[in-house]
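Taking the form predicted on its own, here's one chain by itself in structure tokens.
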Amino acid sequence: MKPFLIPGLILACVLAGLAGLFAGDARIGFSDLLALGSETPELSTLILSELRLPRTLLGLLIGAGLGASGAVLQGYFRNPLADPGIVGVSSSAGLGAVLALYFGWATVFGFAVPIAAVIAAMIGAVLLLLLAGRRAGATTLILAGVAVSAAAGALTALIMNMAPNPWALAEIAYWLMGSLNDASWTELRFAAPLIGSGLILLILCRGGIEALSLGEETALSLGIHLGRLRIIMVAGTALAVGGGVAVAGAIGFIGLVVPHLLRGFVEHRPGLLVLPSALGGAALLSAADTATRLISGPGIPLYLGVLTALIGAPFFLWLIRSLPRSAP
């Protein structure tokens, strides 16, 4: 690993976080930052403490979960095209949230949408493991993930098709675009334990995916329990990604782009890529969220998931084109 990588990524996270705090229509200065906790805060200090600070911290946290998930999945599948959405966790969490919005549970209980999203993410993870079986390899796990993702996507489309009125449909559609507009300390307190637990599990996978890069037989000979590794990986992804989807909606491509950009700095070693990807994902998502606030016009917000897709889709196509092609 390059010696400057981790300090450089930490600096990028700090700069992206500061940009998120100070960029925007309301003028915020360092004096407002120093005035946090004041008994008689000014309006600018309140904007900083109640709106921008939780939004920035939540963006960093969600980005870290997406980046680390992408690195672990790409290492496990030994495929640079792997993405957190490949195991069906993102689409399952989205389905849970859509169900809560469709049936109006959020009007009865404020945490209904995020709780439903997390429960659905865990159910999707359990279905993935059940479909793949105990001794499933990487290919079988990918196919099971595609099946879970397709089923969740189909059910989500069905619910949107059956929306009772245009306002319900619009609410579901806007939520699925992904955004940190409604971020608050409440959402941060809900998501932090989930994403934090997921990050710990994903970091525990580093040794296993490092051994897997030498092949499954070699990993087994080194004492790696592939079944246990698969369970830890799926559970970590479900918590890290599902916790983010629960409070911010679907945000794609962070887990695909970041590990690929950083792989060369760790000499293409998947185990060493997890922590840098978490930091890189945090910096990239926070910067993207700041960009959405600066680009959005009056009454025409640009959603975070839309911006990451606009960036990630061309990158994905370029990545496919750059992969070595097998001989005909």
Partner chain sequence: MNIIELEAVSLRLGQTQALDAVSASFRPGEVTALLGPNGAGKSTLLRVLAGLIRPDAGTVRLDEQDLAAFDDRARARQIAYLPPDGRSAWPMPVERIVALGRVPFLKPLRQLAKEDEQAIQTALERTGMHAFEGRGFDTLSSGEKARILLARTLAGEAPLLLLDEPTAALDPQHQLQVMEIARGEAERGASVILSVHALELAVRYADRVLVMNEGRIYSEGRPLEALNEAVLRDVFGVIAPDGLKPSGFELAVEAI
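Numbering follows the first chain given and starts at 1. Everything numeric here is computed off the predicted structure, so don't read it as measured data.
Keep in mind that the form predicted together with the partner chain is missing from the display, and what follows is about it.
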Only one of these stretches, 299-307, 278-286, 265-273, 39-47, has heavy atoms within 4.5 Å of the partner chain in the predicted complex; which one is it?
265-273
Find the only residue in Ile123, Ala192, Leu155, Leu222 having a heavy atom within 4.5 Å of the partner chain in the predicted complex.
Leu222
So which of Gly145, Gly236, Gly75, Pro114 reaches within 4.5 angstroms of the partner chain in the predicted complex, heavy atom to heavy atom?
Gly75
Val108 near the partner chain in the predicted complex, any heavy atom under 4.5 Å?
no
Is it the case that Ala211, even though its partner is missing from this view, gets within 4.5 Å of the partner chain in the predicted complex, heavy atoms only?
yes
Wondering, does Ser197 line up within 4.5 Å of the partner chain in the predicted complex on heavy atoms?
no
With a 4.5 Å heavy atom cut-off, would you call Thr218 a contact of the partner chain in the predicted complex?
yes
In sequence order, which positions of 179-209 have a non-hydrogen atom within 4.5 Å of the partner chain in the predicted complex?
Ile203, Arg206
